[in-house]
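Next up: a single chain in structure tokens, the form predicted alone.
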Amino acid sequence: MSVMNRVLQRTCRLVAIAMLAHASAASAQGVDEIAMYKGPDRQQRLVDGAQKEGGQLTVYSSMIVDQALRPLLDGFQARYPFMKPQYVREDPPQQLQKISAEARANRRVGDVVESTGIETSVRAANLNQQFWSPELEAYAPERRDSENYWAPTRMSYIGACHNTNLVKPAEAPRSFEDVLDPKWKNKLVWSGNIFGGVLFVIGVRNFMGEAKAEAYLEKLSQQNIVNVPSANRTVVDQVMAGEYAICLDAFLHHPIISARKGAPVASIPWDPIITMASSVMLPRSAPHPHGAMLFIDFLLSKEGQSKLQGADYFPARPDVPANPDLDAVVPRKLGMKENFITPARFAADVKKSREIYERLFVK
């Protein structure tokens, strides 16, 4: 091959790379314009654009499929019959791995991510982008991101629960201090995952302050809490089965749902109630941005949030209450305070809280 031909080939490759980079930047800019557009024709633009995208949409979510995710997508499709939504259900750590791998490979698949606890990590890795929805105005400012990189979708309230055959309701511990009573030694359990014992430590540090939290957790460690290396729901199931008397880190709606079916279990909210919000995010360079924004609008709308209500979740939207029996563990309905762990607080505290957890509670 002549020198001239090699030069021409190299030049062509450089031009191709430059054109690809320009196209990628233009695409990203186009997604940004779609995500942040506030004009009066916004709705029609999204519908027209989603139709041109072939109605394609892929949602990554940590919701339970049959309970919430599928009914939510069915409702969205009923609203927009031309849409063909698909979903991938995974826990938050796996979701973070997936969207990170897609970004590295420049082969994005997910259009929307709905998850818990990964907001700060996603933002730090530049994996998502800002978006705007008219539905955001219904949400309290303290519940959403001031820069619009995520918006709340559902609330989680974390507290204790007990087996009602092993511990009578009148005898159950009603506060963080009550559980330090020596009579509860060897009768306590929690999940060994990040939303279990570690989240409990984060919550205690958040409302007690470092010195009081350290003293409290030191005393609590003497109660010989059993660590179960599984999800919170599994731990609640074991309490229901009579394997343990009291779980410290239940999602408070799980015992209520099981008690409806006759299970011997009851929630015990402790003031202040540890609270987290799950969030929706728009991945950077989402392949179907019009469909993604249509879905985000629907998820944040009163109609979409009502689907979560029907699925026994706690809607994040203030004008959509939880089901009546679940309302019994919502802090404001109990006259209790919320110990709200924001995504930023969770990210800032998780490393030290894990160290405390392992030092005091992992034998």
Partner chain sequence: MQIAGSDAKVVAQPDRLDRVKRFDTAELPWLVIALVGLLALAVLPPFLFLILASVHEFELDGSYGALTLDHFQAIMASGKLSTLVLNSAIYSGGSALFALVVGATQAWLAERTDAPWRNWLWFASMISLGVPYVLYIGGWLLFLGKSGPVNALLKPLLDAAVAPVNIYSIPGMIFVEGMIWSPLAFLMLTSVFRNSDASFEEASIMSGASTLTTLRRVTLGMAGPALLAFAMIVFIRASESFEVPALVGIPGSARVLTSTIFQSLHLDMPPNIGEAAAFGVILLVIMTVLLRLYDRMVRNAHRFRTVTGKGFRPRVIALGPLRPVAGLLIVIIPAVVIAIPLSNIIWAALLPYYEPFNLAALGKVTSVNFVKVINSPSFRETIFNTLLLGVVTATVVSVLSGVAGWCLARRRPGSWLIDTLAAMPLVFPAIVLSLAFLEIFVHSGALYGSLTSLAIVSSVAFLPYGLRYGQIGVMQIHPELEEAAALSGARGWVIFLRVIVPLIAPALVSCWLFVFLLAVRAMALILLLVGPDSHVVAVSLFELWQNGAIGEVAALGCIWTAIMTVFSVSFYLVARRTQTPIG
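Predicted model, so just to flag it, every value in this text is computed and none were measured. Numbering follows the first chain given and starts at 1.
Heads up, the form predicted together with its partner chain isn't pictured, but that's what we're talking about next.
Visitor: Out of the stretches listed (215 to 223, 140 to 148, 201 to 209, 84 to 92), which one is close to its partner chain in the predicted complex, meaning heavy atoms within 4.5 Å?
Guide: Single hit among the candidates: 84 to 92.
Visitor: Could you check which residue among 233, 174, 185, 79 gets a heavy atom within 4.5 Å of its partner chain in the predicted complex?
Guide: Only one option qualifies, and that one is 233.
Visitor: Select from the listed residues 121, 156, 133, 128 the one whose heavy atoms reach within 4.5 Å of its partner chain in the predicted complex.
Guide: After the contact test, the surviving option is 121.
Visitor: Counting only heavy atoms and a 4.5 Å cut-off, does its partner chain in the predicted complex sit next to every one of 109, 192 and 195?
Guide: Yes, the whole candidate spot contacts its partner chain.
Visitor: Verify the contact flag for residue 169: yes if a non-hydrogen atom of it lies within 4.5 Å of a non-hydrogen atom of its partner chain in the predicted complex, no if not.
Guide: Flag for residue 169 set to no.
Visitor: Please run the contact check for residue 243 against its partner chain in the predicted complex: heavy atoms, 4.5 angstroms, yes or no?
Guide: Yes.
Visitor: In the predicted complex, does residue 328 come within 4.5 Å of its partner chain, counting heavy atoms only?
Guide: No, residue 328 sits far enough from its partner chain in the predicted complex that none of its heavy atoms falls within 4.5 Å.
Visitor: Test of understanding: in the predicted complex, would residue 337 fall inside 4.5 Å of its partner chain by heavy atoms?
Guide: No - in the predicted complex, heavy atoms of residue 337 and its partner chain never come within 4.5 Å of each other.
Visitor: Would you mind checking 301 to 326 for residues with a heavy atom within 4.5 Å of its partner chain in the predicted complex?
Guide: None of them.
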